[in-house]
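What follows is one chain in structure tokens, specifically the form predicted on its own.
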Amino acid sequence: MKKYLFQIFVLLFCSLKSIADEGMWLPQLLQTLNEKQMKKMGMKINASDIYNINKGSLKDAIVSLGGFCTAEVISNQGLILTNHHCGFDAVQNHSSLEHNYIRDGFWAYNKNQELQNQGLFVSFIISIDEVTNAIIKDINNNMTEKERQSVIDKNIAQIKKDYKKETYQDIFIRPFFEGNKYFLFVTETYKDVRLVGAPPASIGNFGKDTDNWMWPRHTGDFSMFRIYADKNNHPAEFSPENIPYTPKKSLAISLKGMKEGDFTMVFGFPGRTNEYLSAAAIKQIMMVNDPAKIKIRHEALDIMKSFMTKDEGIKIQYAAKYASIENAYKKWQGEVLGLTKSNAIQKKLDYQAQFTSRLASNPEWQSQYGKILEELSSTYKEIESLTFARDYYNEIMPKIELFNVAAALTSHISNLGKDDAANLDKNKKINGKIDDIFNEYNAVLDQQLFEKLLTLYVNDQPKENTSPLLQELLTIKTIHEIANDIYTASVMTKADNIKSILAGDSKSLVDIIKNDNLFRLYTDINETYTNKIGNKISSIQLNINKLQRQYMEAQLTVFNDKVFYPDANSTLRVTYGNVKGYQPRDGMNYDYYTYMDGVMEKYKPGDYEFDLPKKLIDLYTAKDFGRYGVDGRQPVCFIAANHTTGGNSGSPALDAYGNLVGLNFDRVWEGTMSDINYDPSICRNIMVDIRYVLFIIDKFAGASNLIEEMKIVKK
């Protein structure tokens, strides 16, 4: 088996014919696979300048922020830049009615003003090594999926134990190509990350819901943090004694700007793509899963928005939550539209016809892979109704905050011991979780979510997939009456009530919680899902995983003349392309740049989405752009054909010389299906021009202290 997988690796990495724009490439393989093409497209640096373990390289300036976004180091004092929406939770956590940093922005004019962010971290990639042979050495084709995974887990644990690293370093191992390859990553994680600056939401989230996922865009989507380290420049928990981190590499910043056709590169941590699925899988996403999730989020967003537009306090409470829900909601809408418009299912069917034809020409291939597509199709049909129930469950439960309270308490009481004294520390931790939930909770709003979403839960799926307790209650009461009873009488509706119960003995705590009507309903919904849906999905998904791994192996073998890059899996990747516009539909052509003129054209005084700070308007009126403007105009955003996805938010956009020219923050709506079906004609990533970022920091915020830290180059 090792010999066979080695042959696949040779076919994969030695016979590739790279195509422009598409692909999320591992940086340590650029020199072998991509460097020639990248230089042909305009890159002026070498692959060794991008990834190098012997000296500082671009990869040493790129960090995973909190595990959900990317950020980059832009000074030798640990200053990092990321998106406004990536830093928004930190900004929200520091905001109040008295200090509304969401509305007014936040700027630290010296390091003493920088704000601690509990739980926020950044991780650097130190090195990447392939460990496939060590992972699969004990695997054979007679194993079940559980047996196979058990061996893999055991081998991973052993590799982690034996691998040489510094005490302050960590290791993780990820599968690639559906488990046909494995790579090991050595990381350093810094846990003292402080908020340095963020523009008002009217700049950092200008356009909000309407402009999200759209082009043309005029959003200054950035925020700034600083990494702190111990006196040895090593990772450390927060301490007043910590000092600004000194990086191996920080990015230089270019004010030259970009023109059409220029080479551009995005370096970051893309979350998840699925480029090698079967037609059956794509059909299920288009017809079942995305529509289910879209429907739930549409209803939730309508309720939340109706409260947020009327009450500034609720707006602050729910701002981050709303933005998170809305982001995926609109993305899935665009995904369905893009998959439909690009005829994705038929493209996959045509591809599968070629696959089948090639199999037929080779008896060995036919024997080994001949039934894979048929088995995938039948397995997806088997799991279809279950995935609908899964998506409803996963979408509904976290959006009702009292269910989040019940979930936290469920976990807490399951971990309680017999010794009340030993449970004191556990009670302190659960108190913190309860505070976090109720800090972003409004009872009236939450009750409306409860009523609407549970109505959909009951009405939109077969009775056997829903809670028997809820069905029983609905025979004697309306959903509104059930909600009134719960939100009036449950002990879980107020943080003080819960804390009071937690302060008592363990037996009383468990008795009170388990007899609470909200807890009983939550538990019944949860158990119904686990027993009737979740367990079945887990069993079928194991088979899908096996078939998908075999299908991936088959594609690599059969299409040995085709380009294959690994799907994104939250590991460090490089994607590259050229700056260019696009034509989303007949008669419509989009340019590749936007300017501040467009910001003013969209400006609506007092509007939730398109209002602007007076100072920004005054700067525009006076054309006071400083060195960041061009011919009396201030550039704002631009687009290019870089293959990006979630997790790439905050990634640096780099020019041909590796200089920072922009900050990736979005994709165009017509191309959001790029996670499944990349189409180079319409898939574009959206970046805020670095000159707009610096203009806001310097001219709008007056934070010249931050500008002085940066290395700004003209060429």
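We number the residues from 1 along the sequence you see. On a predicted model such as this, the values are computed, not experimentally measured, just so you know.
One more form of this protein, predicted together with a small molecule, exists but is not displayed; see below.
**Student:** I need to confirm a contact call. Of 471, 77, 327, 569, which residue comes within 4.5 Å of the small molecule in the model of the complex, counting heavy atoms only?
**Tutor:** Checked against the cut-off, the match is 327.
**Student:** Exactly one of 205, 284, 250, 123 has a non-hydrogen atom within 4.5 Å of the small molecule in the model of the complex; which residue is it?
**Tutor:** None of the other options qualify; the answer is 205.
**Student:** Does residue 323 reach the small molecule in the model of the complex, with heavy atoms at most 4.5 Å apart?
**Tutor:** Residue 323: yes, in contact with the small molecule in the model of the complex.
**Student:** Flag residue 666 as yes or no: does it have a non-hydrogen atom within 4.5 angstroms of any non-hydrogen atom of the small molecule in the model of the complex?
**Tutor:** Answer yes; at least one heavy atom of residue 666 falls within 4.5 Å of the small molecule in the model of the complex.
**Student:** Answer for residue 85 alone: is it within 4.5 Å of the small molecule in the model of the complex, judged on heavy atom distances?
**Tutor:** Yes, residue 85 sits close enough to the small molecule in the model of the complex that at least one of its heavy atoms falls within 4.5 Å.
**Student:** Does the small molecule get within 4.5 angstroms of any non-hydrogen atom of residue 213 in the model of the complex?
**Tutor:** So residue 213 counts as contacting the small molecule.
**Student:** Among 292-300, 205-213, 499-507, 555-563, which stretch has residues with heavy atoms no more than 4.5 Å from the small molecule in the model of the complex?
**Tutor:** This holds for exactly one stretch, 205-213.
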